[in-house]
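First come two forms of one protein chain, each written alone as structure tokens, so that there is a structure 1 and a structure 2.
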Structure 1
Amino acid sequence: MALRTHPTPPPTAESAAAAAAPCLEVRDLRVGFALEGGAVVQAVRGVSLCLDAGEVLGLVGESGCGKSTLARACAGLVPIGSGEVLLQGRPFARLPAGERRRLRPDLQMVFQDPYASLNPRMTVQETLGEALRVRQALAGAALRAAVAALLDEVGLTPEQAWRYPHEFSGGQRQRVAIARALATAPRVIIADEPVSALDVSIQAQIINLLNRLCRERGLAMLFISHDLAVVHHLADRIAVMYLGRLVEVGPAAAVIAAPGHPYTRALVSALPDPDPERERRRRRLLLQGDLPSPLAPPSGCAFRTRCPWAAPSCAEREPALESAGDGHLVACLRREEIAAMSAEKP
């Protein structure tokens, strides 16, 4: 397809190093927002993660946990406090705006609300055409063919290129937003709650589309959602975030089947099961209370105020991510005790 034969940059020492590095790497990232009156909200408090080529990393957490801020910081949309964001080995977030612009085609975002993220005054042809020309000087029939190919890839028809965003339904509009992200032939896509605003039947279509695109194009994707079940259908690995920190990262199957952090256990347990018999039989791990204010996170482990297993020691030390075997990392001081306790209980 014409799309994928965009000119690759000539090999240099820099790009050789980039080939070996992970697609996207985040090192000890901190992002804070200053409020009126001098207080600072630490939205992201020391997050490290790594995304390889062709891999889908699911990032789960509840509202206010900092997952969207993390996504925006990775894309260079909010200034970072400290730490690094490396795009194919290059310090993306720290580059001056001009240089970052040169790399931006490699990293694209899909947002939750395609109403807000597509320009209402541009037809799909104009929106996609503009993005396609970033990589290739296309015009006339060649440009129309490239747009048609993109639309076909996301399950829309070439005639729909002449419509405006308001003429599409929510699901179709999200397809346009995805086509828009693909137009620059990116290596990495950051998708922030792309299916949360969609109905179940349409949500399934978009999940399948993203799955297929990642496979076919070998894309790496950071997929952000509050819904663990949705993430489970897309992600190779899952990272769980709570109050600005990662509390668990690991292979998707392991995180779902054997969650190591009490918060992940609660998330798995809180998800309603559409099987009435299983749903009524099972015992839930119900949390008390709400998310604490990110302005004043609890000392030590931030989850301890809602954790059924919290002990006095949890208030003293902030737990670091430690290995629970096979690439599965858990940040809980009492991880082994809790695992032993819940193994005893049937």
Structure 2
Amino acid sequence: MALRTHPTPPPTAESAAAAAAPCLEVRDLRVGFALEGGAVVQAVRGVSLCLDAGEVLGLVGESGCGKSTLARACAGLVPIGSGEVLLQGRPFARLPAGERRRLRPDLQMVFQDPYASLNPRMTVQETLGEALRVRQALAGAALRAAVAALLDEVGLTPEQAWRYPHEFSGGQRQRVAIARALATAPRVIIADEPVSALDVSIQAQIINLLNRLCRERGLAMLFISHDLAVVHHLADRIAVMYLGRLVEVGPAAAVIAAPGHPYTRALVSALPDPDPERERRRRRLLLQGDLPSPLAPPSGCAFRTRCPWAAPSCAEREPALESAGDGHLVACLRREEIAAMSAEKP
């Protein structure tokens, strides 16, 4: 656990409530973008989720489903239309600028492209040192030692502190970006597709690094990816997003072993089975058609236009997330019928 140099204030009722609250909580969040001509595209439509200390929540879905918009709204990088984003129990997105600035170090982002997210004119020492000076009031030898410790924590050497971003490989740049996120001693990290721009040989190293840092530091992490296999390896819980809404949330093992939503079933069926014989025998669920436009989502269940089990009733109302037992939530009007039909198949 990273040490904080600031003295710990005496506990108050407000601080006790914050300690008991989830690190990050999203309540009925909606985010829309106005287009030319007056049309509004709803990128995030009524999403609610929570993230506890030390927990990794994997958010998975197709490109264009609203994952990155949700992440940026949580970090205060895009305005929200309605709903709440609570950081340590406080309404982060709606706080006055000064209060939000004081809370911002507790939530940091790791972006998809590390080269675009690092200042090319600053050395690593300057990039990390800037955050450490502001957060921990370090200078001189103490600052250089703190930067060296951060680099060591992410698998880099102190000598690399004096290099510029273009002098690193893609995987090394992402390690620098992770170190920058850690420099403020955050409670929450949002990792938005942090390995999708990296070579396959490097992806596992970064995933294992993030996993180790979360466990060692007790960090809460929202890990966003379109790759369910990566999310399954890393996450404690999985949230599946489709066209701006969550369609399934639950413990990672339960979501993979017994997916309740047809969309999740399709994602899970695409995962390779390590047993060659089982892989040869199993039947995949192939989706037809493309993701509908968020400008004109289908009525009722947004997935019904691609769902092999869709019924006329699916067009009549939008399903809400409902309990499937043991913290497993599914938004499907025909969940029990589909489960029964699937169980009857050989």
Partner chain sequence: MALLDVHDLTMRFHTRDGVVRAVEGVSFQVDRGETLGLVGESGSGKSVTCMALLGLVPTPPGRLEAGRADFDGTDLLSCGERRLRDLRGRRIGMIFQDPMTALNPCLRIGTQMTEVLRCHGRCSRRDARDRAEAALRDVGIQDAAERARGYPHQLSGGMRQRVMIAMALMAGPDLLIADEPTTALDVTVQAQILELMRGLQQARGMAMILVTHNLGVVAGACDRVAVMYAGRIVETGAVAAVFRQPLHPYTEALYRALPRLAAGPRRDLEAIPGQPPRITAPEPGCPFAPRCRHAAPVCREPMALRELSPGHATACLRRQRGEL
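In this text the structure is predicted, and so the values were computed from the model without any measurement. Residues are numbered by position in structure 1's sequence, first residue being 1. The term rigid core refers to the maximal set of C-alpha atoms that superpose within 1.5 Å between the two forms.
A.B. asks: Which depiction, structure 1 or structure 2, is to be taken as the form predicted alone?
C.D. replies: Of the two forms shown, it is structure 2 that corresponds to the form predicted alone, while structure 1 does not.
A.B. asks: Hey, does A257 budge by 2 Å or more at the Cα between structure 1 and structure 2 once the core is superposed?
C.D. replies: After core superposition, the C-alpha of A257 moves less than 2 Å between structure 1 and structure 2.
A.B. asks: Kindly check if the Cα atom of M122 is displaced 2 angstroms or more between structure 1 and structure 2 relative to the superposed rigid core.
C.D. replies: Stays below the 2 Å threshold, so no.
A.B. asks: Kindly check if the Cα atom of A139 is displaced 2 angstroms or more between structure 1 and structure 2 relative to the superposed rigid core.
C.D. replies: No; A139 is a residue whose C-alpha shifts by less than 2 Å between structure 1 and structure 2 when the cores are overlaid.
A.B. asks: If I align on the rigid core, how far apart are the two C-alpha positions of A270 between structure 1 and structure 2? Answer in Å.
C.D. replies: Displacement of the alpha carbon, after core fit: 2.3 Å.
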